[in-house]
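In structure tokens, one chain follows: the form predicted on its own.
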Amino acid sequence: MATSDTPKVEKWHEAVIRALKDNEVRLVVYVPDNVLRPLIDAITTDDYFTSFITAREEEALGIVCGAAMSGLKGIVLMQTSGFATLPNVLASLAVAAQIPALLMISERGTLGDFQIAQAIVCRTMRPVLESLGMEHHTISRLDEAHFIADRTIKQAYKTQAPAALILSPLLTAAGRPGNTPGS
């Protein structure tokens, strides 16, 4: 039982929201995803953010790139399979025009996710990011969530380059019903 003396443990999505706010990232464009649901639910009810859903990841990235050109900081939320639709848009727009578009990708297709389509894309995601020269970091522990998100956002804007944050199931599975940290 929690007492008033027990410190509140920040959840992964709260650490991410804190990093977004610390860096004035106000626009959040997303494609629905169950893993990202805690983050999406918190953002859509927070007046600090302008958030909305899109049908496809390419559309979301185009919106965030356009917003960046007008000075508004934004991020695209998606799952691994949605990332598979983005290499052309990343290469021809965000990377080529040096737009600090941020991606947050829930990593699927690994650590017990046996959907073949997710697994195939998961194996290709990091090599694609590397071939595009995109900075990318994986967040796998709660104690590193704010630090990695904060530093990746800062680096993207200081270097005028797109960057990706990958949310490992080691981080996101712990908060879901039936899962325990480290399982």
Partner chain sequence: MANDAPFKHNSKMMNRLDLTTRLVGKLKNDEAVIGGIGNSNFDLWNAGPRAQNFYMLGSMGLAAPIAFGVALAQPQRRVFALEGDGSLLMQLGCLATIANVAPKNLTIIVWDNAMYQITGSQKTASAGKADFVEIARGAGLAQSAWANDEADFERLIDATLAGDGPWFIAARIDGSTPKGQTPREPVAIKDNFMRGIAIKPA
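Positions refer to the first chain, counted from 1. Computed from a predicted structure; not experimentally measured.
Heads up, the form predicted together with its partner chain isn't pictured, but that's what we're talking about next.
- By the criterion of a heavy atom within 4.5 Å, L142 is excluded from the residues contacting its partner chain in the predicted complex.
- For I99, a non-hydrogen atom is located within 4.5 Å of its partner chain in the predicted complex, even though that partner is not displayed.
- With a 4.5 Å cutoff on heavy atoms, P38 does not count as touching its partner chain in the predicted complex; it lies far away.
- Under a 4.5 angstroms non-hydrogen atom cutoff, its partner chain in the predicted complex has M69 among its neighbouring residues.
- Picking from 147 to 155, 41 to 49, 113 to 121, 56 to 64 the stretch near its partner chain in the predicted complex, with a 4.5 Å limit on heavy atoms, gives 56 to 64.
- The candidate spot formed by V89, L93 and Q160 lies fully in contact with its partner chain in the predicted complex, as each residue has a heavy atom within 4.5 Å of it.
- Taking L27, M134, M125, V31 one by one, only a single residue has any non-hydrogen atom within 4.5 Å of its partner chain in the predicted complex, and it is L27.
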